[in-house]
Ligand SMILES: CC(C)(COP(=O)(O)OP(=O)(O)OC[C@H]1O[C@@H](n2cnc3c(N)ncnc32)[C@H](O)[C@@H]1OP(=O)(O)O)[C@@H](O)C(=O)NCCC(=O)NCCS
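Just one chain follows, in the form predicted alone, and it is written as structure tokens.
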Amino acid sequence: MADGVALVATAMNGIVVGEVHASSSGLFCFSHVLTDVTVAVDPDYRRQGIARSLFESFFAEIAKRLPHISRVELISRESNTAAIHFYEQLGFVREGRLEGRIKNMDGSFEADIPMGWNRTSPTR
């Protein structure tokens, strides 16, 4: 992916069991940013360190191929507390709340939590 990073994790049998991707907007003022990080792991393969490995490879790829990237952004729904905690362990910081952004199947609303990672953060 020329304007971002896209990586997959495969099982021993070659089946894709996880992926992470993010892209640049293409605008000069955001040329140092990868945004819309998405990570997904097959439910049968969760809790095996795949997401952590994907993110380690993701950050390594940024350092190697996109050294001008100094910021990475993602959004997580507030009820996904395990994901938020995981992202914080990786060095992402909560940067606010987007109130009522998610409409749940039962009609209720919840906030999205924007999070950012900066190369200059103490954990990187």
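From 1 onward, residues are counted along the sequence shown. Here the structure is a predicted model, which is why all the values come from computation and not from measurement.
The same protein also has a form predicted together with this ligand, omitted here; what follows describes it.
Site annotation in the predicted bound form: the residue of Val93, Ala40, Ala60, Leu98 reaching within 4.5 Å of this ligand with a heavy atom is Ala40. Mapping the unseen interface onto this chain, Phe30 falls outside it, with no heavy atom inside 4.5 Å of this ligand in the predicted bound form. Remark: Ile69 does not count among the residues lining this ligand in the predicted bound form, judged by a heavy atom distance of 4.5 Å or less. The shortest heavy atom separation between Ser79 and this ligand in the predicted bound form exceeds 4.5 Å. Though the partner is left out of this view, His85 does reach within 4.5 Å of this ligand in the predicted bound form, counting heavy atoms only. In the predicted bound form, the residues of 46 to 67 lying within 4.5 Å of this ligand by at least one heavy atom are, in order, Arg46, Arg47, Gln48, Gly49, Ile50, Ala51, Arg52.
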